[in-house]
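Here's a solo chain for you in structure tokens, the form predicted alone.
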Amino acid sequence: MTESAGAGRDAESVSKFVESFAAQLVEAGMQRMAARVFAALLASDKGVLTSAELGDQLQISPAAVSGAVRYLAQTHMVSREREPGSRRERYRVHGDQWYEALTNREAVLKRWEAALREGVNSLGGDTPAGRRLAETLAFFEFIEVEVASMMERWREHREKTFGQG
């Protein structure tokens, strides 16, 4: 039995959840293998699996695991760590992975805002294209403020609900 199935859990039910949730992530735009690996990690009791465990559970190659983990690490959805006393890596999903992924998007929004500001200046704010870019810029600036406020509310809610900061 794999760790992801866990003691007393039905491996088939776990697999159905992993594939179902992964399909939802793919529909939202995530890469297919990354979605499957993320869902498998999320469904594992410890939130930690090795490449071999992921490959066995998902029936995918080490190269597929590697590519998926690379994407997930870049988006701050998982982290890599070494097994104590070994060169083998294991991959961990954290309880705050959504927070990390969303706050990482703030840096992307900042870069988009800078590019849009430059575009408005280059095209002229009084042209149709310049006005469209200015409205897009205003939207991203709005989202940035709202995300910061929402994340503060989330931290408070999380503390009340789960007792974690």
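In this text, the rigid core denotes the largest set of C-alpha atoms whose superposition between the two forms falls within 1.5 Å. When you see a residue number, it is the position in the sequence shown, counting from 1. Treat the numbers as computed from the prediction; the structure is a model and nothing was measured.
One more form of this protein exists, namely the form predicted together with a further copy of the same chain; it is left out here, but the text below deals with it.
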- Task: Answer with one of Thr103, Thr50, Gln31, Ser66: the residue that has a non-hydrogen atom within 4.5 Å of a further copy of the same chain in the predicted complex.
- Result: Thr103
- Message: Please tell me whether any heavy atom belonging to Leu123 falls inside 4.5 Å of a heavy atom of a further copy of the same chain, as the geometry stands in the predicted complex.
- Response: yes
- Query: For Gln59, is any heavy atom within 4.5 Å of a further copy of the same chain in the predicted complex, or not?
  - Reply: no
- Message: Is it the case that Leu54, even though its partner is missing from this view, gets within 4.5 Å of a further copy of the same chain in the predicted complex, heavy atoms only?
- Response: no
- Is Ala35 one of the residues lying within 4.5 Å of a further copy of the same chain in the predicted complex, judged by heavy atom distances? no
- Message: Do any residues of 119 to 144 have a non-hydrogen atom within 4.5 angstroms of a further copy of the same chain in the predicted complex? If so, which ones, in sequence order?
- Response: Gly119, Ser122, Leu123, Thr127, Pro128, Ala129, Arg132, Leu133, Ala134, Glu135, Thr136, Ala138, Phe139, Phe140, Phe142, Ile143
- Message: Superposed on the rigid core, does the Cα of Pro62 end up 2 angstroms or more away between the shown form and the other one?
- Response: no
- Query: Any CA movement of 2 Å or more for Gln31 between the shown form and the other one, core superposed?
  - Reply: no
